[in-house]
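Quick setup: one chain, the form predicted alone, written in structure tokens, and binding and motion questions come after.
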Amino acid sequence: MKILFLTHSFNSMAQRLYLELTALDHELSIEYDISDAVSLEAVDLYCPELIIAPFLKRAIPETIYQNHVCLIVHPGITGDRGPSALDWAILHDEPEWGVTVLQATAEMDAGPIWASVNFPMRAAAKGSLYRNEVIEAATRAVLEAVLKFASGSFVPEPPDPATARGQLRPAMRQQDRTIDWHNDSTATVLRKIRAADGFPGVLDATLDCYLFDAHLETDLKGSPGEIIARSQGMICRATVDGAVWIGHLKRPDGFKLPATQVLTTADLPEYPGRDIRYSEQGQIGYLHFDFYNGAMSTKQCERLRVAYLEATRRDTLVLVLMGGADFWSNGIHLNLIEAADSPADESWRNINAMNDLVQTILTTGSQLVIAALQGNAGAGGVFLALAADQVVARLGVVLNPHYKAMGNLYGSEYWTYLLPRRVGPVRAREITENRLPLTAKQAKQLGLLDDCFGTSHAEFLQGVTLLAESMALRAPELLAMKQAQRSKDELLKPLADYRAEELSRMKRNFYGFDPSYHVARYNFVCKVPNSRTPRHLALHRRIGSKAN
């Protein structure tokens, strides 16, 4: 059927639902909910059979929901109402939460229920829960609701107050999030910051900053509220019964940056980094790199390359690149680039550091390399993964293997070599030009991935271990084939040529007369509201597109 998405942005939830529904042969068009007039025009142009709102920040216009079935995806259990559903659930340490698909009515979040799916809560930041448990539950609930709508016979009913656990909750205010460093336990501090992670953060009056990205510290202690240590951009702050690491801060008039870039911390003791770690199981090495939101700065790329080289010197046969649990990588660090004295110069340094890392992986002759994508990947992060010998992903992972959405950025990371060698030149052009996300299954069908498996992280890690062990058994043969292919490819066209050609185009993006990349980066980093829906998403607004 024809389905229109009304959404605040094409975020991870909207992308996943778009991919799941289009895979079932539904025709989808997307409109950013910029204003009532824009939304009304989209409905008039497209004449949808069903409207779905995966991510909204305001009410759907009355004239739309009165004339069309509009399904709202609400990240709360049945009966829950209000815009801060997940925030309250984390703050109150709810053992179970859920997603409800309900029909839009005059009363917000109080319409008839089409589907609901619950899940056990996990001690994690709001963004992590949203990208994993919430989106998985929403996918199941939306697909169920669409089937019910298609049947034509299902009649939704309002939640029963006698059985619904949910309740009306107000929008969470900063007063509700405020940390009392002299009385709040470490667990409470973690919940408060995690409940605000992503947006809006916890405003700390003492530092005049919003706090993000909190992690438990088990050994260090100090006076409550005191900043006692630093580590690779993070600060450690003491609580009444322990301490927490805080990775990112934001000034009221700024944007998120690593904490040590916002505060002066030079006199604090430096502790080893937490974001890169290595472990071994027999002849298999596992390199984890868990960077906030998947962004990789120049220094992080350099540090990861050093850690990778150290791992290749170990007596192992297979090296598994694990990324992080939520993100594999999203490429260069746009926030740090925006904060630099010269964003163009920092863009250049960052992309060259990414290229150095990719080249090091590509030319590894001592081990077989597996890229194991536990979480989503985008832009240069996808092509970083393609440098490995085997690329696998968890089911549920979404890939965005393109750059153009960031101000028509050309991209590097040897993508002009890595992508065509997997999918061919024609399909490579289609993938990068379409600017659309891919599910892990779709990426496998296209040849972008070697395999995808595991509905949970545990299942995926088990499958990765089995793959690594099977490759280790054939290591001499596979290494010989790998080295022969790399030599053959180098004779046909050296890696240095691919790099030089890509960087010549990137140099124009960074230093040329067209400011599109710099404008797009600023809008992304500073969260400038969308002014229009991109044409590749708005099927109804393409040239010649009219409702039939």
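If you're wondering where the values come from, they're calculated on a predicted model, not measured in any experiment. The first residue of the shown sequence is 1; numbering continues from there.
The discussion below concerns the form predicted together with a small molecule, not included here.
**Q** Under a 4.5 Å heavy atom criterion, is Lys527 part of the interface with the small molecule in the model of the complex?
**A** Yes - in the model of the complex, heavy atoms of Lys527 and the small molecule come within 4.5 Å of each other.
**Q** Evaluate Glu413 for contact with the small molecule in the model of the complex, applying a 4.5 angstroms cut-off between non-hydrogen atoms, and reply yes or no.
**A** It does: once the small molecule is placed as it appears in the model of the complex, Glu413 has a heavy atom within 4.5 Å of it.
**Q** Does Val392 reach the small molecule in the model of the complex if we count a contact as any heavy atom within 4.5 Å?
**A** Output for Val392 is no: heavy atoms all beyond 4.5 Å of the small molecule.
**Q** Does the small molecule get within 4.5 angstroms of any non-hydrogen atom of Asn293 in the model of the complex?
**A** Yes, Asn293 lies within 4.5 Å of the small molecule in the model of the complex.
**Q** If we take heavy atoms and a 4.5 Å cut-off, which stretch out of 378 to 386, 140 to 148, 113 to 121, 97 to 105 is in contact with the small molecule in the model of the complex?
**A** Among the listed stretches, the partner-contacting one is 378 to 386.
**Q** Note which of Cys209, Leu190, Ala89, Leu409 lies within 4.5 Å of the small molecule in the model of the complex, where distance is taken over heavy atoms; exactly one does.
**A** The option sitting close enough to the partner is Leu409.
**Q** Can you pick the one in Arg177, Arg303, Arg131, Arg194 that has a heavy atom within 4.5 Å of the small molecule in the model of the complex?
**A** Contact residue from the list: Arg131.
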